[in-house]
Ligand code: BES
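The chain below stands alone, shown as structure tokens; this is the form predicted on its own.
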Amino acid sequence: MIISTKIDLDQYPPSLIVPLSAGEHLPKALGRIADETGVPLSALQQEFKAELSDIHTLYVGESRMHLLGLGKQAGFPEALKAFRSFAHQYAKQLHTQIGVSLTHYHGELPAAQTTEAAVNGLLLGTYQIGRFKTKDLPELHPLRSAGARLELIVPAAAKDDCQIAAERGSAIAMTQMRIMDLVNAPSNKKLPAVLAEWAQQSGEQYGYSVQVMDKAEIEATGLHALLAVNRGSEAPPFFIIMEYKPKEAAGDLPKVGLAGKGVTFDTGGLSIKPSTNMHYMKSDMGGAAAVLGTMEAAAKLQLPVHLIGIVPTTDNSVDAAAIKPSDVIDSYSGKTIEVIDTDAEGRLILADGLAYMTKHFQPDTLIDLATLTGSSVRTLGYHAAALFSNDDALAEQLYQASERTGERVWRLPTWEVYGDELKSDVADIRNLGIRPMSGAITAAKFLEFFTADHPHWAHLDIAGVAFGDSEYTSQKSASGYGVRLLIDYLQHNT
């Protein structure tokens, strides 16, 4: 798809989207549209109130003009959602030549941000989940067709900024859809080797380095916790290490380390999960997907940051060789772990990832992401990830990024009293708290134990937001959570 910006609408394209805000400027904007189209103003005022995601279609000659409401005080998340929903709902009415005119928009969101939200949302609205269907395939969305063109008519003073924003919105959306494909894929199509291959191909295409350890190298390196989780699996584990620096790096850059849980399917191991909804455990590598996607997007955008991504990946299966509750296992850090519940496996592989990161890369900032606990879902539902941090400034930066992007986080405490629940009589630490409450917090405390007391660490439990219900699929599906949040954080704080 070709994306371009221009300052004049010399003729109507076959499909034209006109975003409008529901404020004091709406009557004047509708008046201008009435004059341009010949549609009676009274009819426009009666049919269209510009509430968020409100849509009204006008026919102007052979063109369709779609008025798209962005509400009274829409921010970036709301605008993105409105454009995405529109692209999904109106796919059959859209042409391959689409225009978006900001000439009538007077909302609080600057033109460049509106442009980015429009492009990102429209492209995400083209996403189709049926990769493995052989018949009854959905029609290709017009914006994904050969020769598709998206023109944005923007204010002259903001044209250059809008072009950059449009390219950024497109770059991020394409990566978001790639990681959504990963998360939505069934486990037999998403073995740990597939994640490793994805990283290697992405690194080759976008110019960042990728090292992949196979099982023999993992054993030689001493990533014992990852090996322990993998014992019940027929598919070998992999340990993915990615490193990005901009091509024109000058001087010392902020160094940020990202670690993501890559459990490609979680049966719970011998502490087996109930069968109800177990098929959704294909999404248990949502943290890994966020890290993979952020590495790719940062390289695409050439962000001025030194970024390291680590993904330990395996599935958690049931076998005679699988670890058992009460086992004591080793870890890369040298600390021993008493396994109380084999379904608390994600924190085990992340323990090795975090310890490896701090030992070999010494990042200035350390962030991990994982679909870790049902406790975080019971606490925050499906609207926010649970945020834990030992650094108030880092927590605030991530919170502000979440407000700007709509990928929300909410901070929970990491008081030392919660760590007391992980004390073990037979090992250095237990992998599960002694009480059936505050599970998300004790999981965070477990991970903190393997950060080598890093002073700027944050953990995001994304179990409730990486995969869920939406208007875009009939079953739960990937949200793409994490990429835009982390890219925004990096853009504003590095």
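Because the structure is a prediction, the values reported are computed rather than measured. For every residue, the number given is its place in the sequence shown, counted from 1.
As for the form predicted in complex with the named molecule, it is not shown, yet the points below apply to it.
Among the residues Ala355, Leu191, Ala344, Val409, the one placing a heavy atom within 4.5 Å of the named molecule in the predicted bound form is Ala344. None of Ser233, Thr126, Ser375, Asn120 but one reaches within 4.5 angstroms of the named molecule in the predicted bound form through a heavy atom, and that residue is Ser375.
Contact annotation for Met281: at least one heavy atom lies within 4.5 Å of the named molecule in the predicted bound form. His360 falls outside the set of residues with a heavy atom inside 4.5 Å of the named molecule in the predicted bound form.
Although the partner is absent from this view, Ala463 contacts the named molecule in the predicted bound form, with a non-hydrogen atom inside 4.5 angstroms. Within 4.5 Å of any heavy atom of the named molecule in the predicted bound form lies no heavy atom of Glu116. Within 4.5 Å of the named molecule in the predicted bound form, a heavy atom is found for all three of Lys261, Lys273 and Leu432.
Per the 4.5 Å heavy atom criterion, the named molecule in the predicted bound form is contacted by stretch 345-353, the sole one of 181-189, 215-223, 331-339, 345-353. If you take 356-371 and check each residue for a heavy atom within 4.5 Å of the named molecule in the predicted bound form, you get just Thr371.
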